[in-house]
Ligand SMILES: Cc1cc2nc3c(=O)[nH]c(=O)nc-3n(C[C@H](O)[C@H](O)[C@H](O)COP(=O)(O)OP(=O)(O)OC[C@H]3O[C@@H](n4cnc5c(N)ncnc54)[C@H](O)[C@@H]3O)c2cc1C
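Only one chain is shown below, in structure tokens, and it's the form predicted on its own.
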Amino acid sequence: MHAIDALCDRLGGIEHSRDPRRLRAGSRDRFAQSPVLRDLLHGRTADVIIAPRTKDELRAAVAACARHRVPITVRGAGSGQFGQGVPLSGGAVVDVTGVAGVVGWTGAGVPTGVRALAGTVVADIDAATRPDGWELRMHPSTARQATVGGYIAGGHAGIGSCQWGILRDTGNITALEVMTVEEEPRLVELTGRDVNTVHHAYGANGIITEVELPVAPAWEWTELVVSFPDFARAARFSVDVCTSDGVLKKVVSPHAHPLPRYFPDLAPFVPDGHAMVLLLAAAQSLPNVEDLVHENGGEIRYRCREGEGVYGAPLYEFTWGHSMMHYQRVDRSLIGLLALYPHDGLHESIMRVHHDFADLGPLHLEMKRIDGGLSAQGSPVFSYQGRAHLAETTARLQDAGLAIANTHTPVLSASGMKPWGGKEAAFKREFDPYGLLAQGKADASAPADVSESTALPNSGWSYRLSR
């Protein structure tokens, strides 16, 4: 504790707290969605919460941590689900939500992108760009809470990925400014493929301070709740609308029966026994969407302008990571796996899993482009029956031809969503020479009780464009 005392003395007027209630609240994210992480991470807290209000204060706080060799966990809004924001070895949680604001447009004449400080709420960036007719290409389902730095450091895809791909795909992150953890912290600008070295690294090899993202035209978006008599037709429609390149869409989210029943605000629109697809489509594409719905035997049950639904929240807050939150409000035992479906024979692969794993649970998917092709991610939604059953289910899904990422671990190498090789390790040595960032999450330094208790027999994902 001597190092923490010395650190607090050096922080001076930079806001910080050692109040136990603030420490507990500031050391959590949404890891409780996983029963594995719920048990593992319960009670792990920082020794001090630091809340800088400017980039200069952030630099001073990081310098103080480096001088006293205090571990650092960088935190945004705490909307991650994999324990990204939980300190595994105490130390300081550095809350960057105060380091916020849109820096400005990029590009000459017509804007090509927008730049913002790491603590800026993602929805606030869209609010700043929309009056000029532009919006972010993609954002998380937690856009109204998540910070852009947290999204880049801990997320991977989201609303817009069915059109634009995932964050890792070339061109979806324009530039990152990253701060080193040294007695005299430096700011380093990353562009090109170097951005992916820090992206989805949980802040383990550099502190993201500014993010530059490309923009797209801000169309008038329509929310659609669509029902289909069976999941086969819902899946066929989902693939068809995503492979119709001229149709502008941001979300295509199929849910097999009885999952629509788990959304009390949406269930009245969907006949019992039907599958559901949640869709965000541009107004000019609605006639094409209607044709595809009818061709596949579906019916549009509800539509409205984005954000104006009677269900009281943007429709995207019922998709992606939000879906499991809604499921668990009805049945806390429900979980899923992050399975990635092959580009080739996508519909056939989806239907094979739907039929072969019907005994496990109903299927929830999110359609997305990745690595240049159309895919889907998701798995059957099933009741947690212990780690052995979770491992068995992982192996079964992989045998069915899917690539599985482990969302029930805070360790990057165990997750399999983030390649961690020589380049990533070299960045960590340069940007974090004392090994203070995200201790235990990026490499072999993970505590045995963490790595062993969260391991699954998953192969992880591979990326054609990873280098």
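Sequential numbering from 1, following the sequence displayed. As the structure is a prediction and not an experimental result, all values here were calculated from the model.
We do not show the form predicted in complex with the named molecule, though everything after this point is about it.
Here the chain stands by itself, but in the model of the complex one stretch of 336-344, 73-81, 218-226, 242-250, 73-81, has heavy atoms within 4.5 Å of the named molecule.
For the options Y202, F318, W164, Y327, the one in contact with the named molecule in the model of the complex, meaning a heavy atom within 4.5 Å, is Y202. Shown without its partner, this chain lists H322, R369, R144, R301 as candidates; in the model of the complex, only H322 has a non-hydrogen atom within 4.5 angstroms of the named molecule. Interface membership of G206, defined by any non-hydrogen atom within 4.5 Å of the named molecule in the model of the complex, is confirmed. Although the partner is absent here, R30 is a contact residue: one of its heavy atoms lies within 4.5 angstroms of the named molecule in the model of the complex.
At the 4.5 Å threshold, heavy atoms of P254 stay clear of the named molecule in the model of the complex, well away from it. Mapping the unseen interface onto this chain, G378 falls outside it, with no heavy atom inside 4.5 Å of the named molecule in the model of the complex. In the model of the complex, A146, T147, G149, G150, Y151, A153, G154, G155, H156, A157, G158 are the residues of 144-165 with at least one heavy atom within 4.5 Å of the named molecule, listed from first to last.
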